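Single chain ahead, written as structure tokens, the form predicted alone.
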Amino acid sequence: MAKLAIQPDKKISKIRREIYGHFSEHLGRCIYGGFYVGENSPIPNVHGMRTDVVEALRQIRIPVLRWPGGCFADEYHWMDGIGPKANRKKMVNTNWGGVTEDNSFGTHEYFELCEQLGCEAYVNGNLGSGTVREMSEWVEYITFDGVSPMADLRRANGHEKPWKLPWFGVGNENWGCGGNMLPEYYANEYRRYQTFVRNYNNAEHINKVCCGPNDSNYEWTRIVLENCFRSCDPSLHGNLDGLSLHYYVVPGPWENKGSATDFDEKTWYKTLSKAYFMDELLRKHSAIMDEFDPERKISLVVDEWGGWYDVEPGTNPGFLYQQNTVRDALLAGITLNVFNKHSSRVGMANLAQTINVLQSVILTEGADMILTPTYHVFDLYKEHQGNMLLESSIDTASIGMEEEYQLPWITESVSEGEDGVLHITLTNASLTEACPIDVEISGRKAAAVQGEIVCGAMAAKNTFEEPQRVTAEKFSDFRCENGALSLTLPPRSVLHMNVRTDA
């Protein structure tokens, strides 16, 4: 038995839409064959973008798409990806499989994709192997509406008006694949590079994202903020809008991470406890950020997160292609609940990666496409986007097979839309036990309830032969009598309920 207490009169923070963002890198089949098939493909497309993929992502209200990487970003030179495609420079993708990158998907194609998706752009600049001038000119090319060499070049390449660029990352993983830098060195480089990321249209501010830590590297967070924020002239404080954080759930050691589909009960709980570790990471990094930024003007941007397992047998190890199961649905639901609860600091998050790579929401094979269990969780949770987080708590036991790998039996988050409807999302991490839950809504009575649930066997997955094995289904195992709400949450499940209330 668990008890969920909700206080509608205590609104905590706005859950920014960008928390439900995604990530697309030139890695494996994420871009090519995933988003992009080219204008001459027999696969239905609009300007080369797969129609089925665009429609599926619009369904979950994709708010922002990060591009072009990832590790690829710090070896990407944007001028190779503009102009006539026959003339674009080819390169070797040294990070991901050693394959040839023909640069047929570049800046114009990316912004075309964002327009079709109806989402914001988050471009990651090349600090690791690029120059200040290169980064500065890319921003000019994208955003300047006047007469200048880069704006004129954009027009010559077929796009008269500039695009909007709400988010720009100044480097990626510069503690690793982005240059193996020390935090002091990167901080100085950030200060230099960001100076030349100009806001050409002052009415459309570019949020600059500084490379933050890899999981629990709290020293990186402190040193970078010390050098980029506190030590700067106070007039420069507005030039750091976001600090990135990367965290992947890896059940085993890096050399043997474990299968995406063949795992036991111990690995189930180990994986989900590592997913819940996101809560500790956010609390501790936020505490350091609070020392420098008590007003929480800087967003914590979790622009890479998700499960990382061994690649599917027979696939290119550099393509990071893995299947997706009910375990990943729980991983996603737990993590998104954590993000909601920390929305006073977390301003954006980007699941890695959207299609055919790591914990993707979509898998494609030629003209075929399937939606993963993770996709269906994002479809349930989309109702939180832009809502106000409400004060809530749940009285629940811990669960797990070993003391080291424990997590709450039930996780939750609750938001309220402008129409006054409450949106409750719950996860049950137990492999075997359903959980009765009483819901107490302070000062209100539940009047009408609707629910949808994702659940199934722990390794259940969707395949091209059986694409509907795991989907969102209607949930009705709740009781709403005399304003009191209770339910029984099945094991291995993720639930969304919308609740209309009376005073």
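Just so you know, these numbers come straight off a predicted model, no measurement behind them. For every residue, the number given is its place in the sequence shown, counted from 1.
Omitted from view is the form predicted in complex with a small molecule, to which the following refers.
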Report summary line: Checked H285, H246, K341, H376 for heavy atoms within 4.5 Å of the small molecule in the model of the complex; positive is H246
Requested in this report: Quick one: from L358, A429, L331, V301, grab the residue that has a heavy atom within 4.5 Å of the small molecule in the model of the complex.
Outcome: L358
**Report entry** Triple contact flag L27, C71 and W96 to the small molecule in the model of the complex, non-hydrogen atom at 4.5 angstroms
**Finding:** yes
Query raised in the report: Would Q353 sit within 4.5 Å of the small molecule in the model of the complex, counting heavy atoms only?
Result: yes
Query raised in the report: Is there a heavy atom of W308 no more than 4.5 Å from a heavy atom of the small molecule in the model of the complex?
Result: yes
Query raised in the report: Hey, in the model of the complex, does E173 get a heavy atom within 4.5 angstroms of the small molecule?
Result: yes
Query raised in the report: Heavy atom to heavy atom, is I410 within 4.5 Å of the small molecule in the model of the complex?
Result: no
Requested in this report: Considering the small molecule in the model of the complex, find the one stretch among 392-400, 267-275, 165-173, 113-121 with heavy atoms no farther than 4.5 Å from it.
Outcome: 165-173
